[in-house]
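In the structure tokens that follow, the same protein chain appears in two forms, which are kept apart as structure 1 and structure 2.
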Structure 1
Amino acid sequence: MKGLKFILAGIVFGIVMVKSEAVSWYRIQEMFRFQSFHMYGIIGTAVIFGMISVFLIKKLKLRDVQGVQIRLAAKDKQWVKYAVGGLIFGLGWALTGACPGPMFVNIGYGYLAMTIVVLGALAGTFVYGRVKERLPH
């Protein structure tokens, strides 16, 4: 099955999110209160290893499994959406202690009440799609 590798990658993601406690509401609170290095350490090492990897991928012109040279799409430069959208996201991130990945990991872990957060997130995505044209970007 072609899709199996994506399921496996997801499984590793789910496990690491739990074992590093990045799915924890408490840990997110600790981060926003600057009372521990833990979350900064996780995000920081991920970004540093990520930067080195992406640099090497570009430098060595590495190819993906289909033989196509790996190219990373540049983000468009519309600043309002990043600042305002980011701020709105952050409010929800601190309130629920979850971002889109961890809310699903939490459901798998057994916190079924997270389904409500997911429903809210789907509704929020839907509302954005409806009003997109009327928002500054």
Structure 2
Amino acid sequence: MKGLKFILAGIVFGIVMVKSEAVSWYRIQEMFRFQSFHMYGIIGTAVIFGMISVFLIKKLKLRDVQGVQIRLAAKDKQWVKYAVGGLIFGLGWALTGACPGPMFVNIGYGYLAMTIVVLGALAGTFVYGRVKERLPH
């Protein structure tokens, strides 16, 4: 029962992703072809919501569920590693038609072929974990 709140959050997240059509391969293809504003609107809304949330966390000095004040670490100003990481992430997104959230939503939606993408993502995460100490960041 301890993880029930996370399961419920995942279900709500999945419903929002399906209802907004953010899990649609067609919508993602439209985005990468610059044919529709749909996905840019969803992503832009998420970015603005995140900015407002971070501002409120800092301004109101909010605390987590254990009562500890939330402290956000300052970002590293080196932009190259973010650009390279974003490029790799974007290529994977364009190739598979899904980023990490929609991968799991699509499996829940019944697209079992997406398990191949999830296995690939897990393999990539595993490899990154093994070599990250040798990478230049």
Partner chain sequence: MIELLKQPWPWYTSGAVIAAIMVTLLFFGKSFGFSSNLRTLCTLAGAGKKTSFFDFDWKTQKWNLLFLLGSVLGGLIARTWLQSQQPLQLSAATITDLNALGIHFDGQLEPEQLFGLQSLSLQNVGLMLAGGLLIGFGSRYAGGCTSGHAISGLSNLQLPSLVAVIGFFAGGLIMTHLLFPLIF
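Throughout, rigid core stands for the largest set of C-alpha atoms superposing within 1.5 Å between the two forms. Counting starts at 1 and follows the sequence of structure 1. On a predicted model such as this, the values are computed, not experimentally measured, just so you know.
Asker: Of these two, which one is the form predicted alone?
Answerer: It is structure 2; that copy is the form predicted alone.
Asker: Classify residue 69 as shifted (yes) or not shifted (no) between structures 1 and 2, where shifted means its C-alpha moves by 2 Å or more with the rigid core superposed.
Answerer: Yes, shifts by 2 Å or more.
Asker: Any CA movement of 2 Å or more for residue 78 between structures 1 and 2, core superposed?
Answerer: Yes; residue 78 is a residue whose C-alpha shifts (by 2 Å or more) between structures 1 and 2 when the cores are overlaid.
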